[in-house]
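To begin, one chain is listed below as structure tokens, in the form predicted on its own.
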Amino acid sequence: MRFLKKKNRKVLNLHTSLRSQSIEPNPEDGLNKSLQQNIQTLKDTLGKSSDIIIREIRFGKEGTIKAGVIYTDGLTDTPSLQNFILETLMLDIKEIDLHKKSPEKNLISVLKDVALTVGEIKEETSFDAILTSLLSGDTIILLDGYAEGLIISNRQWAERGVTEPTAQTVVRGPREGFTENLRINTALIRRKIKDPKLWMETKTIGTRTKTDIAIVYIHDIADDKIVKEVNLRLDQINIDGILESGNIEGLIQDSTYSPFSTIYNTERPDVVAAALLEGRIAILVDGTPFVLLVPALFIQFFQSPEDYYERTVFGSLIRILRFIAFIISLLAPALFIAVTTFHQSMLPPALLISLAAQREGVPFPAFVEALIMEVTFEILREAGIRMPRSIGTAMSIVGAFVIGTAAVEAGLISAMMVIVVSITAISNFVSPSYEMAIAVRILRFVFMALAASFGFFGIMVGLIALILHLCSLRSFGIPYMSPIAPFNISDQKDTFIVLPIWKMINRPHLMNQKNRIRQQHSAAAKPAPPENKKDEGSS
């Protein structure tokens, strides 16, 4: 008897468990016609979170219609919710028979087309889509007796306004930068390019974060193959969360382990607008002010927006100066190590005697000296970035000065080595791109090791390997070193120098194959100067 009772109790528990599993709604199955069942499913799915507000109301004639208004506190525009949704439902249409307003439609369509005075309203039957919209800040309206709901777009949350970019500053040019809001960023681009061919495709990436991604390009300028490749790489991403555009960059870039970035990022709307006009594609990620631009070329990391805002002579001189600074920051310590270690005969006698006098008593070879100074400066640089802004810059300058002076006086480092490392560090700051500056900082140590091992021969081997590596890179199918390699003479107008804008008739050759003409004709581009005329009364 005890065995039978125990067995019957197990069967009863199993039957109750199966019954509860069959009754419990699955969010993936869609909405239920029962309002209470839908609300209970929401509570069970969201874990009764305190920021999810569920308001059950009655409206219509004599309050016969039961509804649920659900929104996320902190992500939803509460004044618009009260004034245009709750007030409309509970007061404005209190005595109106909604079924008579449009008998051929159901109540959901009547509310959408006749009653509610809000902007964007969408009907939805998928529970998963309802949850995503709710957690994005939209307001959800569910009606008793209907297996579909309304998604009302009234998102609003605390956000940073449009301010001046901090990472890419210019002397002359716009002072507005992107924010963490995707819709504000797309509006900044649309404000600069008022073209109906400016298309914006939206995707959602991240199984848990469900981050909104926007792909922006000009349809009749951008290459269709590159647009297709960008969409293909983004669609292949299967990850639980995307928190910044750097996550997207790491998942779609061509060469992961190369020190050179094959995707350009910027926080300036004018840079994105100029890139779109050249045929590039922008990838905007919700939650970050940094926009990705593809394809990215080597020469692009030396271009600054003010090159095109200043006079042509100034822009060209500054562009050339950046290339000179790039060479100095990459090779200056290596050349000094090679000369002082292997090739002393190349120096003039007076300079050789001066260097020998400075290095007298220094216990380390030139490579160890340079390594100590470079590592010390890198530590000071990172410390200055992480420290509060009010003391970060002062600490970096004072720290470098104090440590350099103390090291020379203590006889650990020669004075010439301090000068070389200082010039190298200053030249590294000339680069307008942070990614290119990081690549140079990494390669600098490689060239120092080659110079300490093989002298000028090691430096030449390193340069050949570097050039071969750069020529082998591709960015979404475009050669990384174009228009230098492969060489294109028509695209040299904006490579090492900047020619006047009226000279740039065509768009970049490899970047665009559809619509290469930027200007209709070049004859009227530069007006002729007015002739000097004598006054009629003069003799």
Partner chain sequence: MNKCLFAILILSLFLTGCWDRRELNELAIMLAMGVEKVEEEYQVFAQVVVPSEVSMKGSTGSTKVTLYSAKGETVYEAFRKMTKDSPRKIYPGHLKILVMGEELAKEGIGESLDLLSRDWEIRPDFYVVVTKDTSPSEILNTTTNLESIPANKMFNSLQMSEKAWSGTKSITLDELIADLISDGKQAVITGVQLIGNSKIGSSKKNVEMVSPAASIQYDHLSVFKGDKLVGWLTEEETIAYSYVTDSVKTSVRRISCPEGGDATIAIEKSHSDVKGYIRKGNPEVDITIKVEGNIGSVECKMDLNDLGTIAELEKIYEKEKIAIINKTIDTLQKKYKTDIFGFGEAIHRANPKEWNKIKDHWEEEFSNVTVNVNVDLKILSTGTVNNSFLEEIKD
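Positions refer to the first chain, counted from 1. None of the values given here were measured: they were computed from a predicted structure.
Although not depicted, the form predicted in complex with the partner chain is the subject of the following passage.
A.B. asks: Indicate whether Glu120 is a 4.5 Å heavy atom neighbour of the partner chain in the model of the complex.
C.D. replies: No.
A.B. asks: Give a yes or no for Ser433: in the model of the complex, does one of its heavy atoms lie within 4.5 Å of a heavy atom belonging to the partner chain?
C.D. replies: Taking the distances in the model of the complex, the answer for Ser433 is no, it never comes within 4.5 Å of the partner chain.
A.B. asks: Can you check whether Ala452 is within 4.5 Å of the partner chain in the model of the complex, heavy atom basis?
C.D. replies: Judged by the heavy-atom cut-off of 4.5 Å, Ala452 is in contact with the partner chain in the model of the complex.
A.B. asks: Is Phe342 a contact residue for the partner chain in the model of the complex, using a 4.5 Å heavy atom cut-off?
C.D. replies: Yes, Phe342 lies within 4.5 Å of the partner chain in the model of the complex.
A.B. asks: Please identify the residue among Gly384, Gly287, Pro174, Pro365 with any heavy atom within 4.5 Å of the partner chain in the model of the complex.
C.D. replies: Selected residue: Pro365.
A.B. asks: Name the single residue among Leu347, Leu75, Ile239, Ile372 that comes within 4.5 Å of the partner chain in the model of the complex, judging by heavy atoms.
C.D. replies: Only one listed residue qualifies here, and that residue is Leu347.
A.B. asks: So if I measure heavy atom distances to the partner chain in the model of the complex, which of the stretches 82-90, 210-218, 179-187, 350-358 falls within 4.5 Å?
C.D. replies: Result for this chain: 350-358.
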